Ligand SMILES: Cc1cc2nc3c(=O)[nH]c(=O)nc-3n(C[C@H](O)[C@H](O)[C@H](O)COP(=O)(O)OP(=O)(O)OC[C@H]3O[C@@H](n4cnc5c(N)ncnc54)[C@H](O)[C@@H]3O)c2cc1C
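Quick setup: one chain, the form predicted on its own, written in structure tokens, and binding and motion questions come after.
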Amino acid sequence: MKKIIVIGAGAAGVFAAIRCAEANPKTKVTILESGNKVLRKVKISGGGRCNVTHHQFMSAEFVKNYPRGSRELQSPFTQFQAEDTVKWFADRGVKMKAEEDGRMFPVTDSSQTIINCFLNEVKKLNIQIITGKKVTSVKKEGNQFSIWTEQKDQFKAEGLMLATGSMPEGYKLAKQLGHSITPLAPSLFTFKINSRLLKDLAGISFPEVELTLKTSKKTFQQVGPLLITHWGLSGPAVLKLSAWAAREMKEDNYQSTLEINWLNKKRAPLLEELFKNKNSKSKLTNLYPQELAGRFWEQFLKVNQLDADTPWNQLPHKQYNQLADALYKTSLEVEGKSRFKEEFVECGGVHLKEIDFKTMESKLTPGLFFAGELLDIDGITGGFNFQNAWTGGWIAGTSLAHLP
């Protein structure tokens, strides 16, 4: 009976272990987890609802949501993609629902449903999970891997999988087995911005804005919903920007310029809309674009030194243009980053050129497999990072089950 060790009891590791044991019942699969709990990110994902995947079943479109790894994931998604994930859970009694933005959750709206599903499979397949075992070193000796823990335990296995997410020990173990690590940087974070315009407006959201982020090296654009927070700005548009610009923002110490088109409209249509208002006897404070909240509009007028009680038809032409300019392009200075809840994602990891994406096996060390965030792959928010874990885990598990 072949022994398989999976290091890391997160999404990718547990899914790979289940797939391996299911595909070949003659394997003995053991998961070593440094913490005291398994599937921690699954538990807290999506505010405790678990954003399992995204309702985009065209792989060619799906891969466009990965700032790093999109090209490499094309082949894996032909083997196991979002539609397969939904079916996998449905076959085990867990139904999914798609929300308007494409995110998919269990119909129970509880991440515990996903965890229970996994643990039931683990029990049924006799997979052993040992928690509180931090692996400190690994070595390939002949056709076997030797694994040592902080507690001086030693394990041996013919197949080894590293699925440690963004935990530092995972990068260390990968290096011990000959792999290189690309530059690391946080991804999926919110922006710290100290501006009079945002003061005391936490909780106000915008359905669709256009953001332009200017770093010292590149300019990034994103369209989507925006949210004002106590510390600055968040929401899908900001999170997506942070993913695409992760490395550039780190290089700039998270200081950059953010330009906001509050209405996501071109200047000409914007002026036409304001021009209708210009003929009105209503006060500026009472007549404004419907996409904007009243409290924000009042503050917007104040910051731009416009008298809220001025009737639209008495607004001087110069101030009218000033108002249009500000709505079309407000410049704010980003002064830092804030972690987005607990859904922290790391950009960077094991170099993708060192992995065979048909099997998820190392090109440098036979019998060694990878999946999940330990690789230099990360997606934007919306279920894409979990799908990377399911896909990589399924392929790695299948490969481990059929080790020669």
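These numbers come from a predicted model, not from an experiment. Numbers follow the displayed sequence, beginning with 1.
Absent from the display: the form predicted in complex with the named molecule. The rest refers to it.
Enquirer: In the model of the complex, do 13, 34 and 50 all reach within 4.5 Å of the named molecule through at least one heavy atom apiece?
Expert: Contact check passed for all of 13, 34 and 50.
Enquirer: So the named molecule isn't shown here. In the model of the complex, which residue out of 245, 239, 174, 135 has a non-hydrogen atom within 4.5 Å of it?
Expert: The residue from 245, 239, 174, 135 that makes the contact is 135.
Enquirer: Which residue, 352, 44, 63, 364, has a heavy atom that falls within 4.5 Å of the named molecule in the model of the complex?
Expert: It is 44 that has a heavy atom within 4.5 Å of the partner.
Enquirer: Within 4.5 angstroms, counting heavy atoms, which one of the listed stretches 355-363, 372-380, 55-63, 22-30 is next to the named molecule in the model of the complex?
Expert: This holds for exactly one stretch, 372-380.
Enquirer: Find out whether any non-hydrogen atom of residue 8 is located within 4.5 angstroms of the named molecule in the model of the complex, and reply yes or no.
Expert: Contact check for residue 8: yes, within 4.5 Å of the named molecule in the model of the complex.
Enquirer: Answer yes if any heavy atom of residue 391 is within 4.5 Å of a heavy atom of the named molecule in the model of the complex; otherwise answer no.
Expert: So residue 391 does not count as contacting the named molecule.
Enquirer: Any chance residue 337 has a heavy atom within 4.5 Å of the named molecule in the model of the complex?
Expert: So residue 337 does not count as contacting the named molecule.
Enquirer: How about residue 298: is it within 4.5 Å of the named molecule in the model of the complex, going by heavy atoms?
Expert: Although the named molecule is absent here, residue 298 would stay clear of it in the model of the complex, with no heavy atoms inside 4.5 Å.
Enquirer: Any residue of 375-400 with a heavy atom within 4.5 Å of the named molecule in the model of the complex counts; write them all down in order.
Expert: Those in contact are 383, 384, 385, 386, 389.
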